[in-house]
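What follows is a single chain, given as structure tokens, in the form predicted on its own.
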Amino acid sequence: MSAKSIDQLRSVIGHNLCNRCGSCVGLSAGSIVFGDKTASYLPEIVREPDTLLADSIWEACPGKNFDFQLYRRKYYPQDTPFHVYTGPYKKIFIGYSRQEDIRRAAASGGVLSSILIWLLEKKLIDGAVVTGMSEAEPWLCKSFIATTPDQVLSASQSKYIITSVNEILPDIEAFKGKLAYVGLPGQIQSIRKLQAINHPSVQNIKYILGPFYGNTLHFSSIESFLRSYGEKNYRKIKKLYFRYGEWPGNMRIEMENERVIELPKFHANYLIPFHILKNSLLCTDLSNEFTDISGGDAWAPVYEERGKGFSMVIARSAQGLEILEALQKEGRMQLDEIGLQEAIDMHSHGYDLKKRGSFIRIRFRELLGLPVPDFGYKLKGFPLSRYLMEIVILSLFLILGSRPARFISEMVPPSLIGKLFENARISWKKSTHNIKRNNLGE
């Protein structure tokens, strides 16, 4: 790798453009490693990669660029319906697994887990790339290749701290058989870039699935949460869950001393402004646009009030739609088709955050002379009120992400700060509703 390329890679890492997808680590044959995963969790260049590896590493990096329009044309037929918010889609559904054990074990409707298990049972794949919690270090996430339904279920539920799936690219390349791959948007963007150059590390991947994506938290969120309960050593964690139990679930930590710490998921969201990964604020992909199938919680009162978990499911490719139709025909999944505008309205808050908000934040970075990711397209023309709202949001993240604010937050009982945060979130959504919804689908 030339000195220039090393400087470019360091620039991506040093300017909050790295999304920790893990590709540079996975492709580097040990020349790039992740530093402390309980701290900044950043790639570290420990020695210069050889030239053969260098081009692949740089090409695979989604932090610097990912041309949405170019790769959409490459991976989806020209006649595939498309909207700039949802991405390409064949059909959009509200659905859930009709296998109650899977639905209960999952974060929302159990759709992705059901698909992986079905693909394994039908021998359409021999393994699935998933992310669970590490057995050796149960406070950290760990990606692996699941080859049984039980292993798939062990990796169900959302993970809200940093993951780096693509560091296991060597395992993916060495695997003997066909794979399904599950990842977040940045991780999948890197996979798609590698597929475009026919890289051997991704040749076994036949299906790509992924959850919707809002934000990621640093591991400091776990440490802070523990300190709020008087626990100072995260290494005493025995089990860590982010959405334990029936929908919407609880954040739950089981300690070695048998103590169980639990807080409703919506209340545990108070950790977001204090510990958010800044790069997640630059991601413009809410619904995981480059998958065969993507899914996320169906955020609408009609579904939320019923509990149990309902997912919005987007079939993007022909093979993705075939899988969903087969599962429904076999009675393993309930799927009810919805229209595009209903899908946009249901996730209006998220689309506003990831499309309008991200492009405004990117524009602010440009004005400050900072490097920005190139997505091959830009959205602009937002009303002044939306820019002002973004200034308020960024100011809050700046203030609440400071050490003094984090320290103060740990002095307040999580049950109290969680309720205060939830009430503040509801008030904020109501007060900004018209700004976010104004011309949203246009």
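All residue numbers refer to positions in the sequence shown, first residue = 1. All figures in this text were calculated on a predicted structure; none of them were measured in a lab.
A second form of this protein, the form predicted together with a small molecule, is not displayed here; the remarks below concern that form.
Scanning Arg356, His347, His275, Lys193 against the small molecule in the predicted bound form with a 4.5 Å heavy atom cut-off leaves one residue, His347. For the candidate set Cys283, Ile323, Ile92, Val182, a heavy atom within 4.5 Å of the small molecule in the predicted bound form is found for exactly one residue, namely Val182.
Considering the small molecule in the predicted bound form, the lone stretch of 207 to 215, 221 to 229, 119 to 127, 71 to 79 in range is 207 to 215 [heavy atom distance within 4.5 Å]. Proximity of Gln334 to the small molecule in the predicted bound form falls outside the 4.5 Å heavy atom cutoff.
Within this chain, Asp297 lines the site of the small molecule in the predicted bound form, having a heavy atom no more than 4.5 Å away.
Shown alone here, Ala107 lies within 4.5 Å of the small molecule in the predicted bound form, counting heavy atoms only.
Contact annotation for Tyr160: at least one heavy atom lies within 4.5 Å of the small molecule in the predicted bound form. The candidate spot formed by Leu112, Gln187 and Arg243 lies fully in contact with the small molecule in the predicted bound form, as each residue has a heavy atom within 4.5 Å of it.
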